[in-house]
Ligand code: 5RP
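Take a look at this single chain, the form predicted on its own, given in structure tokens.
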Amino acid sequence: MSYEKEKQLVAEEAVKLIKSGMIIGLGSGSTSAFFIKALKERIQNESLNISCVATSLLSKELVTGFIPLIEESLRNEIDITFDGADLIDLKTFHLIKGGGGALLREKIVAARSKQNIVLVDSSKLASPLEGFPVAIEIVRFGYESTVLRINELGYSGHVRHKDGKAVLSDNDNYIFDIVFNGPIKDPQKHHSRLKNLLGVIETGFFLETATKVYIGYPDGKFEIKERP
């Protein structure tokens, strides 16, 4: 089974959790796209009455005109948020997110949710976390001085670019991708050090957000894990 099939599998299983009347959070990334597709099918077939908040501009575009969107001030608590991950350590439930550039919005929505369901294929499992850059969202003003402060702490990486231009996050900030050489043994320490730096808005370490994880496997089976 391909990774795409694994993503589709967990999306179709997780969407069964939704009931009429819920406010849900919709994540970003390829797995979330499968989830949104499955959700649209349920709405069409069962006339589900739900509303949602999207964690990324792309997800918002996918559901606009199809699912009612709540105020982005997040006045109302969210029942369940469904999102993907770039990596997850199943021993600790620590995640790396931010590959799509929506990490700040994703973390804000996660903090306002009663439950956070993470949907991943088997390629996203890593214990300890290793092999994927950690996105750091930084203020555009004075960003070179912020990068200097990051480097002075011993971190290396680069401001994310595409087609010769700096990539902007969904909140119009720059993204600095930190490359770790080897396993990340203490994500909490790195998150705290980076978050305390002037100019850093948020990190791609999601440490206390996930409540359950749906994992797809190559043999066509899926597994549900709850946070320890």
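Since the model is a prediction, treat every value here as computed from it, not as a measurement. The first residue of the sequence shown is number 1, and the count goes up from there.
What comes next is about the form predicted together with this ligand, which does not appear here.
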**Message:** When the contact criterion is heavy atoms within 4.5 Å, does K107 count as touching this ligand in the predicted bound form?
**Reply:** no
**Asked** Taking the shortest heavy atom distance, is T203 within 4.5 Å of this ligand in the predicted bound form?
**Response** no
**Message:** Is it the case that G157, even though its partner is missing from this view, gets within 4.5 Å of this ligand in the predicted bound form, heavy atoms only?
**Reply:** no
**Prompt:** Counting only non-hydrogen atoms and a 4.5 angstroms cut-off, does T31 reach this ligand in the predicted bound form?
**Reply:** yes
**One residue of I88, A102, I138, V134 in contact with this ligand, assessed in the predicted bound form (non-hydrogen atom, 4.5 angstroms)** = A102
**Message:** I need the one stretch from 179-187, 166-174, 23-31, 192-200 whose residues put non-hydrogen atoms within 4.5 angstroms of this ligand in the predicted bound form.
**Reply:** 23-31
**Request:** For the heavy atom contacts within 4.5 Å of this ligand in the predicted bound form, list the residues of 61-97 involved, in sequence order.
**Result:** D83, G84, A85, D86, K97
